[in-house]
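Structure 1 and structure 2, given next as structure tokens, are two forms of the same protein chain, each shown alone.
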Structure 1
Amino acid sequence: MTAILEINDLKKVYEGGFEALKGVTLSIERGEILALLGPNGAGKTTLISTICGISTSSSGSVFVDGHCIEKDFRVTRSKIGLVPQEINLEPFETVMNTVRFSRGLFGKPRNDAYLEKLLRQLSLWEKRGNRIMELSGGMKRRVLIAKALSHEPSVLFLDEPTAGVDVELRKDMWNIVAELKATGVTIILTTHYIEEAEAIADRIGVISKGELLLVEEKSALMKRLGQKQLQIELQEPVTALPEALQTENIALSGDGSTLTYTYDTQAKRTGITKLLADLAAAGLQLRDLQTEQSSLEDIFVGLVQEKST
């Protein structure tokens, strides 16, 4: 695959010395979906604003499809679509006119056939004559996406696109993103919803305090950092762990009825066989066994906490 977005040692320092971005370096492949996770104030929106030319960087460089965002601003901006967090639309304008006007701002010739296809894809065609003020919050967010895609960009930024919408609409938005990817659009998504990243992203980036902690394929990240836990329910509760079981990987529940064994799925040996043998030797009888995989949320929280300490 070919990188469509190259970010090299990008820094943003405000007056007073606050570092919003601390040397971010990132390469994004053409046609992929990258989910950028991070807590409030992590630098997600600052990064997007800088790439889109809304904010200027203190140092570093950004190239979009081989063009520098500073030297070739008009070219790079025409290749980018941005869906902001805030819904800022002209309330008395119609859906079609709103999208048509957005296309014109980028100097694109009128193409109602393309706009019809776009509005149909976003389930907005039946609403094309409606004024923005007549739409629901979810429909307004769809209009924002239509505006961002009206000039046929190759890169789409979605900054918290499902913030404040219900679960059903959120899943609809995931389907829209998948359809856009199928047409070749590269998508960079910032989100607070871990399940959103798990559902649609090809790669996951974690940013905290202006620093990119990692960027990795979702499946590889889950495999590398994810841990499994074996929950062992005992026939009879115990007041303390037998000496043979007192390792850092085993925890006893407060009521003494359950043991939790954490193990690395990538290790050559999980240690489960030895654990079960030790349990039998200690005279402990089992009622039930079940395993649990660490979620992406567990991994994300752990990384951010590790960075903050």
Structure 2
Amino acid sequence: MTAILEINDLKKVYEGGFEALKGVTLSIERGEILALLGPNGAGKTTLISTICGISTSSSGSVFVDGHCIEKDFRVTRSKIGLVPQEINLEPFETVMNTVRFSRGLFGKPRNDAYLEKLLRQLSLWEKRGNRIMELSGGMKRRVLIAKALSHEPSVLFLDEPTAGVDVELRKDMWNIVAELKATGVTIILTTHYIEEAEAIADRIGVISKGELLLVEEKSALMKRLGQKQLQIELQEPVTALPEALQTENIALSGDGSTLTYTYDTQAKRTGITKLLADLAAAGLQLRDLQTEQSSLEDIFVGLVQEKST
């Protein structure tokens, strides 16, 4: 089965010469939820805009369900729904009219039964006759989602769906995403919140300064999170590790004074007892011990810093 979205070495240079995407390559499977994490200005919105046709790419290619976004733009754009980062809505229109307009704009015949189902699902049915300006911020965001889903897309982009949204609504949003996934929609969302990615994504991508630093299964990433580090300070620095301690999960610091032992907390045996026995056997005196658990945040910050130095 081909990937639903195939991005190859996508580059974007804005008019002023700013390189917002420096060759992004990414493949997204049908029906998965991918969360794109990245700091402000990383290029998340640019990436989405380029795929959806709002900005043009400078080089590289994108395929949606096997169709090129430039040559077959009618096919690819019909398959995509986009919820933009900013709340862009016509203030004087009613909810129903804007949603109906979106459906028509995407070439779908009128289907009020489907729109009713959609608005009910998003708790907007009561407000269908209200003008957009009479809605709360959270409702407006849901109108944007309704518009994006009005033409029954198979891929949905959510650009920071929960920015400036209260905790309860955020949970609502997560439920909506989960329901959509259940209907087979592929979802790509951007967020600044690690917990959000953790809560709903199947895979997590980290983007910074126009580069995709990592894309990994959430479970693999979580497994990394399950790892702990034991740091052992030695009384006397050593130049090399004793033979018995030369395994891949033990590292010696540059000055030879600290050993770092990485282990899995979920494993049956952590191997700590054996390590300590080996240290004693090698005649090494310990000054201090400490353990550390890495969080997704650490991995994320580490990756971003690694790239910027």
Ligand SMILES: Nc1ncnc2c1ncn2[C@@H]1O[C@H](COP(=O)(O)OP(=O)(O)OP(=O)(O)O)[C@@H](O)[C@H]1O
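All residue numbers here refer to structure 1's sequence, counted from 1. Definition used throughout: the rigid core is the maximal C-alpha set that superposes within 1.5 Å between two forms. Note that this is a predicted model, so its numbers are computed, not measured.
In this comparison, the chain shown as structure 2 is the form predicted together with the named molecule. Once both forms are fitted on their rigid core, the CA atom of Q285 lies 2 Å or more apart between structures 1 and 2.
The rigid-core alignment places the CA of C68 less than 2 Å apart between structures 1 and 2. Superposition on the rigid core between structures 1 and 2 places the CA atom of G31 less than 2 Å from its counterpart.
Once the rigid core is matched between structures 1 and 2, the CA atom of L259 is found 14.9 Å away. Taking the core as the reference frame, the CA atom of E15 shifts 4.3 angstrom between structures 1 and 2.
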